[in-house]
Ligand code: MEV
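Presented below, as structure tokens, is a lone chain in the form predicted on its own.
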């Protein structure tokens, strides 16, 4: 029996922009997906998915999960005819869009297979395999999700050949709230839509992307100075840019406004957008609870966490 884990993530700055080479800042969450792999008597592959989360998520991602597993097995040179297996997914990371559930499962599965077959793969190799697996969900993944899922912590990420990752350190962990819109989004479609609009209107999008790049550098400096007020203001600016590239949605906009109205220092969508999650910066437990409770009163599912 092989075991593996992969962290969930929250993108604080740069989603979508990071796909096109702009740096991004992400933090792994304390929640993770766990995978168990064992030899299977029947033919092929049997997947038992015990994760909980947004209604309809697991079912709507069924085909993408199947494709993702095919990419994983190919990258790991596993022949199911010779090595039929059963994969069981669990852990405390819920399956919400925008929280890195697919990347967390890809990393967990790769690690569990490596453990079961005594491959002793490095984190670097696990990350490469998870990136391949993410293509099924994102089409053209940036790599930030699987990197956060593999390594954990707060990271600065820049896509390239090779991609660059740096660990960021901040003075103290900071409370955040993640609110789930309840809408399951197709990341592959959303990423492709941004690329299409960027190609059709390069002048408009080049300006937005330039603004996004300047913003993420300011955000890094502000985090390192532990200037959380400025971090929050920059999150709000980032949300405006994401709205301009048409990846927000009415539920996300509602949650962002609600969080700010209740005192959050900044709030924005996180991840692919359209549906999925948003994140609010809520330093101190009291503020975190105030914002989270307000969302729950409106019927939304919420995660209380820390970054850094």
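Owing to the predicted nature of the structure, the values given are computational and were not obtained by experimental measurement. Residue numbers count along the first chain shown, from 1.
Omitted from view is the form predicted in complex with this ligand, to which the following refers.
For residue 271, a non-hydrogen atom is located within 4.5 Å of this ligand in the predicted complex, even though that partner is not displayed. Although the partner is absent from this view, residue 18 contacts this ligand in the predicted complex, with a non-hydrogen atom inside 4.5 angstroms. Taking non-hydrogen atoms only, residue 180 never approaches this ligand to within 4.5 angstroms in the predicted complex. For the chain shown alone, residue 144 is a contact residue for this ligand in the predicted complex, at least one non-hydrogen atom being within 4.5 angstroms. Of the listed positions (208, 76, 191, 89), a single one reaches within 4.5 angstroms of this ligand by any non-hydrogen atom in the predicted complex, namely 191. Stretch-level contact check against this ligand in the predicted complex with heavy atoms at 4.5 Å: of 144-152, 223-231, 76-84, 118-126, the positive one is 144-152.
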